[in-house]
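In the form predicted on its own, a lone chain appears below as structure tokens.
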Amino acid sequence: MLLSNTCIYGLRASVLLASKDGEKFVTIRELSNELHISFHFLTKVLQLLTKSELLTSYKGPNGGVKLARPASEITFMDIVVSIDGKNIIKECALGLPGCGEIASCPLHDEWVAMKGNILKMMHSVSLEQLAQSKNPGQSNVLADLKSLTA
């Protein structure tokens, strides 16, 4: 798997926040219930996104979290980097040390091209795009994310 479960949960929560009124704080309990993710685990995931200044949090009776910027300005890659770091998919597909430097594995050339396409997609897709309504021939990402169980 390219992304950690923590990152996947962060993406799911961020897309859900992007689909809601951006001016209102959403409780972590509400996000946890809608996404079927453990409240305590989701709290830790959202702390990472808040620390990276992708979310704003507010404590108190009307507290919760919301996106720190418009959903159109936050990319898939922003979420990934804030949780999994900048070195995602850098390794060899077969896990061989030194692949490409000394000798290439049998998958090297195809993997390099595939990694480039994945990174390009991550940089170009915004949370707003992921949260938008279903397009013809595509699944509704938000509905799919909500239906997944932890």
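Residue indices: 1-based, along the sequence shown. None of these values were measured; they are calculated from a predicted model.
Missing here is the form predicted in complex with the DNA; even so, the following discussion is about that form.
Taking 4.5 angstroms as the cut-off for heavy atoms, does Ser57 touch the DNA in the predicted complex?
Flag for Ser57 set to yes.
Residue-level contact is defined here as any heavy atom of the residue lying within 4.5 Å of the DNA in the predicted complex; does Ile88 satisfy this criterion?
Ile88 lies outside the contact set for the DNA.
How about Cys99: is it within 4.5 Å of the DNA in the predicted complex, going by heavy atoms?
Heavy-atom contact with the DNA at 4.5 Å: absent for Cys99.
Considering non-hydrogen atoms and a 4.5 Å limit, does the DNA approach Gln47 in the predicted complex?
Although the DNA is absent here, Gln47 would touch it in the predicted complex, with heavy atoms inside 4.5 Å.
Could you run down 50-80 and flag each residue that has a heavy atom within 4.5 Å of the DNA in the predicted complex?
If the 4.5 Å heavy-atom criterion is applied to the DNA in the predicted complex, 50-80 yields Thr50, Lys51, Ser57, Tyr58, Lys59, Gly60, Pro61, Asn62, Gly63, Gly64, Val65.
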